[in-house]
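Taking the form predicted alone, here's one chain by itself in structure tokens.
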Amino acid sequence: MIQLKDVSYVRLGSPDLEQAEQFATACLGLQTAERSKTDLYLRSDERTHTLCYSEGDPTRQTVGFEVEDEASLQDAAATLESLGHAVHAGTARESEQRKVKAFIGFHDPTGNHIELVVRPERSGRRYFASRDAGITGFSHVGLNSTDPARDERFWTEVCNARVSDRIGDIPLMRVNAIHHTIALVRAPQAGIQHINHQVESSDDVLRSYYFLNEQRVPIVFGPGRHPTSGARFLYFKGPDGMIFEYSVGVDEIEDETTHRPRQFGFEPTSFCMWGSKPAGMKLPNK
């Protein structure tokens, strides 16, 4: 069993790094950590980066997860290869680009590009936001899934994820105490469904709602509150159609031995207990 410790970073392709940096700093509230002609590294917490834009195809998307050490990484590679997943061992140059000690890459059953990393770098300098969005850190991702039941089995039986709750066939899965680090959302092709950053307070969520509206950033869901994790949230659209989320107050699973996943119906109130409805998702009108 592969033991994931936490989500580490997201890598996104973009045909326009200037546009991506403008959005990430002026709207999203991340800090530019490093910029080259082809790569843009952004911080949201104590890590040297949690989001990297690279010049190129926006469908080129990767999520990195941390594992304990290099022995765990080698065990993970052997496990994945035994299950028929082609594994790429990162070169020294590629590891340097990701600011990790070592990594492997593979595709999950839907085709999402996943990397497992060892020793992602931290920074001695504190995160200093480019705007006062109240961001406290990078927290979780939503992944597209062409078959959520199949992919849930992969993430739980191979990668030690545990289901905290389900909405219809969408599993919300944790790899540590946080309610969910991965959500699998049915979609016709692979891709990152959304990228979450935690913020300090509910006031930050509402302040950003008004701020982003003024900046004409499309709001796609919220403000609202998830009945599953308890988080207050706001979803909005960034460059190349990527959806970003702010949230605060996500539950933690206090007792792994007694927690039982709850089943929520696939209906609007299962996504937001305040009444907001996610744009672009076909839901029964209940």
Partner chain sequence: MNGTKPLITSVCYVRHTINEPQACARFVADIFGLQQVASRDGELAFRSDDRFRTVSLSSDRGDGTSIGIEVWDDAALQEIGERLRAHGFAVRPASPEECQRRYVQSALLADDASGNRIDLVTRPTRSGRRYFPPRDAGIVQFQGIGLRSIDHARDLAFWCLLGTEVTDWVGDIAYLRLDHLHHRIALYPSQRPGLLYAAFEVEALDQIMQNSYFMQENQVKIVQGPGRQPASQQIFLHVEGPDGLILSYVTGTAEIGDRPRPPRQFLPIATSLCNWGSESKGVPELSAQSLPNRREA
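These figures come from a predicted structure and were not determined experimentally. Numbering follows the first chain given and starts at 1.
Separately, the form predicted together with the partner chain exists; it is not shown, and the next lines address it.
Run the contact test on 202, 223 and 273 with a 4.5 Å heavy atom cut-off to the partner chain in the model of the complex and return yes or no.
-> Per the other structure, all of 202, 223 and 273 touch the partner chain.
Region of this chain that lies against the partner chain in the model of the complex, out of 205 to 213, 82 to 90, 135 to 143, 173 to 181 [heavy atom, 4.5 Å] | It is the stretch 205 to 213.
Taking heavy atoms only, is residue 277 within 4.5 angstroms of the partner chain in the model of the complex?
-> Flag for residue 277 set to yes.
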